[in-house]
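The data below hold one chain only, encoded as structure tokens and taken in the form predicted on its own.
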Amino acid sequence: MPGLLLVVSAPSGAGKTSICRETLRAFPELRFSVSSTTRPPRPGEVDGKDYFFLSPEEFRERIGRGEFIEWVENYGQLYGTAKNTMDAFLAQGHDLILDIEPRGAKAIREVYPRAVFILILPPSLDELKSRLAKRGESAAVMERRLRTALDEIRAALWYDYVVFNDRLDEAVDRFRAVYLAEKCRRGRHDERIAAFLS
């Protein structure tokens, strides 16, 4: 059976990375789809595990070769998802989490209509402002991130599920519940059901 693709989006400060990390820890068979970017690695990030870190020139060459199923420019950096990498994992039956912004998610939906789209949100706008303020960025950067977050939320109202991150442990439980429910969706088991009836 092909793997299940979970497409996850969230505004900056919603806690998406923490939720995905905890879910991956709970389900060893679940994989993280590693995207490519031109931004420099943050402390602790590993090439090939968190992102494939590429030079802008190499990234643009790959765009020219049509290797990315989607790509965007965000805050002056390029981000993209390689189609052949995802297809290989899914064909081997691995379930994947793809961390992507809503613009890219729409492109993914056109190619993978059976994917599951999950939007992670902070509990409130005030909490989002508070989380962004703790990052120590300038007021101008924080204001831009907040505007971008609101635009992303408006653009993502078509997602299948919404997980509010009031408390991390509860948000992780909700995310896991979505994953387990989707694994049990009848349409994913038509061949096995047919085997009972034939």
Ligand code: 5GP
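What you see is a predicted model, and the numbers here were worked out from it, not measured in a lab. The first residue of the sequence shown is number 1, and the count goes up from there.
Form predicted in complex with guanosine-5'-monophosphate: not shown, discussed below.
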Contact residue in the model of the complex, from 116, 128, 96, 72 (heavy atom within 4.5 Å of guanosine-5'-monophosphate): 72
Contact assignment for guanosine-5'-monophosphate in the model of the complex, among 147, 60, 39, 167, heavy atom within 4.5 Å: 39
Within 4.5 Å of guanosine-5'-monophosphate in the model of the complex, all of 31, 52 and 89 (non-hydrogen atom): no
Proximity of residue 122 to guanosine-5'-monophosphate in the model of the complex, heavy atoms at 4.5 Å: no
guanosine-5'-monophosphate in the model of the complex: contacting segment from 168 to 176, 138 to 146, 22 to 30, 64 to 72, heavy atom within 4.5 Å: 64 to 72
Interface residues of 81 to 95 toward guanosine-5'-monophosphate, as seen in the model of the complex [heavy atoms, 4.5 Å]: 81
